[in-house]
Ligand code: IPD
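The chain below stands alone and is given as structure tokens, in the form predicted on its own.
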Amino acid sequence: MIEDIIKIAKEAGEIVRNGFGKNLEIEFKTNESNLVTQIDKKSEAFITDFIQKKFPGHGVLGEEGASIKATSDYTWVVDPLDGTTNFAHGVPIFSVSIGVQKNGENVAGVIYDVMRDEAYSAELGGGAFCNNKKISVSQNEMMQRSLLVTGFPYDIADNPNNALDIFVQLVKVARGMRRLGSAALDMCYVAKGVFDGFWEVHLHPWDICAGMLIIKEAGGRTTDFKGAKMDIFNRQILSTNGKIHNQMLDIIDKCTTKK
């Protein structure tokens, strides 16, 4: 199945690439920070149509409204364009993310970095890859040598889960901090050893399903902010190389439990 997922992610990526820099029809979801374009919708429709034809009975959960109830053990969790704000503003950092669950467990995932033509992929128990080359997380154990990455939710003005406080405390102790604008690619870069850790709040299943498996298969660790096992519906996520995980948990805990 993984070759099919890579193939369809790349083909959806071609739709996205062809729409980049063109006239866009922009709509707003929850607020003026939460965009959707006709390219998001076109990409999702293309992926959904492929799934229905190639894997009838498989369910679909998509960011732009695709919702097909599974009559088998499998559900595809699809973000047809992760990084829509970047895409709409001409920033060439965005991706197509497709995760597959079997009975609620992440078993396959592909994230396609559209403009760099890099396909990150993983199958449960089979390792993680970028363009078929095996990747792994960093071996750094020190916060002060860590390069971290994060994103902010659309309701950041409300400071959910003390997200701003966490950022302030972590930026004080890390070597550096980045904010790329695509959670899926943030997670790929942790898996590849570029970043040592990633955290964010108020993400959705399609943002993290594929990335969670890719990080796991690259040797990393993902939990919620209390260190508990994650599922794709959790609204807090911490993904690291595993070696700085507890250090980040300690800092996050002090921020989220403060009065």
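Predicted, not measured: the structure shown is a model, and the values here were computed from it. Residues carry their position along the shown sequence, with the first being 1.
Unshown form predicted together with this ligand; subsequent notes refer to it.
- Out of the listed residues Met230, Val60, Val194, Leu203, Leu203 is the one that sits within 4.5 Å of this ligand in the predicted bound form by at least one heavy atom.
- Checking Arg179, Arg175, His89, Lys134 for any heavy atom within 4.5 Å of this ligand in the predicted bound form turns up a single hit: Arg179.
- Looking at Leu81, you'd find a heavy atom of it within 4.5 angstroms of this ligand in the predicted bound form.
- The closest non-hydrogen atom of Glu44 lies beyond 4.5 Å of this ligand in the predicted bound form.
- Met187 falls outside the set of residues with a heavy atom inside 4.5 Å of this ligand in the predicted bound form.
- Using a 4.5 angstroms limit between non-hydrogen atoms, Ala122 is distant from this ligand in the predicted bound form.
- Annotated contact segment (heavy atom within 4.5 Å of this ligand in the predicted bound form): 146 to 154, selected among 99 to 107, 162 to 170, 69 to 77, 146 to 154.
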